[in-house]
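The chain below stands alone and is given in structure tokens; this is the form predicted on its own.
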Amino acid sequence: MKPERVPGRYIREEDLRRLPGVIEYTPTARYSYSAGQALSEFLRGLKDGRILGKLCPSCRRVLVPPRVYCEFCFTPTTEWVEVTGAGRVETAVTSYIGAARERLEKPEIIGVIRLDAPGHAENSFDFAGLFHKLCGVTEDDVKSGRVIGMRVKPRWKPVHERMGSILDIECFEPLQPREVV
């Protein structure tokens, strides 16, 4: 289906640039972003090889990544909770596009990992989970659905390479080695 043309005169871009009063302008705006109180502490924890969340005192959810308030019950979060990093794959896809939107020669497996929160009921954990690379699994594992529900743990970068970034976790790998058939 062709898009409907709107009445008026259509001008090619090169003709538009030649009109009187049209100037070339490249914005030079610079932006600064602050991670904020909760995310800053989360990133410091990653640099130390720890995954931190915040506990909501009202609904008892553990929020990872942490937030200063619970978006489920709108209560300020209070207590920091360290989670083990072990968890379960909720969903996974095979991606042929990298983080910088480049085509990958070898695809990556990306998943949403629902982390365990020891001492808290499973349904008390924020469902959002962490979106991260999976290693030790194949495209066939994704296609067959074998990766869904798989227990995984973080594979950390060496301490001297960590920067306080989500990429301090190289990937999440299966807790149990896969059996070779």
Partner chain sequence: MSLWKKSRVSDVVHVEGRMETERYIYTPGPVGVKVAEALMEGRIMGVKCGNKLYIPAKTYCPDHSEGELVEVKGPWIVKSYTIIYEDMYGAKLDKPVVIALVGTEEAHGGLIHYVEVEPDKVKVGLKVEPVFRPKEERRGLITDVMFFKPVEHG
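Residue numbers count along the first chain shown, from 1. Fair warning: this is a prediction, and the values are worked out from it, not measured in the lab. Just so we're on the same page, rigid core means the largest C-alpha set that superposes within 1.5 Å between forms.
As for the form predicted in complex with the partner chain, it is not shown, yet the points below apply to it.
> Would residue 160 count as a contact of the partner chain in the model of the complex, using a 4.5 angstroms cut-off between non-hydrogen atoms?
Because no heavy atom of residue 160 falls inside 4.5 Å of the partner chain in the model of the complex, the answer is no.
> Report yes if any heavy atom of residue 43 sits within 4.5 Å of a heavy atom of the partner chain in the model of the complex; otherwise report no.
Result yes; residue 43 sits at the interface with the partner chain in the model of the complex.
> Look up in the model of the complex whether residue 68 has a non-hydrogen atom within 4.5 angstroms of the partner chain, and give yes or no.
Although the partner chain is absent here, residue 68 would touch it in the model of the complex, with heavy atoms inside 4.5 Å.
> Check residue 35 for me: does it contact the partner chain in the model of the complex (non-hydrogen atoms, 4.5 angstroms)?
Looking in the model of the complex, residue contacts with the partner chain include residue 35, since a heavy atom lies within 4.5 Å.
> Who in 142-156 is close to the partner chain in the model of the complex, meaning a heavy atom within 4.5 Å?
Nothing in this stretch is in contact.
> Aligned on the rigid core, do the two forms place the Cα of residue 15 2 Å or more apart, comparing between the shown form and the other one?
Yes, shifts by 2 Å or more.
> Look at residue 82 and decide if its Cα position differs by 2 Å or more between the shown form and the other one after superposing on the rigid core.
Residue 82: C-alpha displaced by less than 2 Å between the shown form and the other one.
> Superpose the two forms on their rigid core, then report whether the C-alpha of residue 102 is displaced by 2 angstroms or more between the shown form and the other one.
Yes, the C-alpha position differs by at least 2 Å between the shown form and the other one.
> Would one find the Cα atoms of residue 100 and residue 153 closer or farther in the model of the complex than in this form, where their distance changes by 3 Å or more?
Residues separate in the model of the complex, at least 3 Å farther apart.
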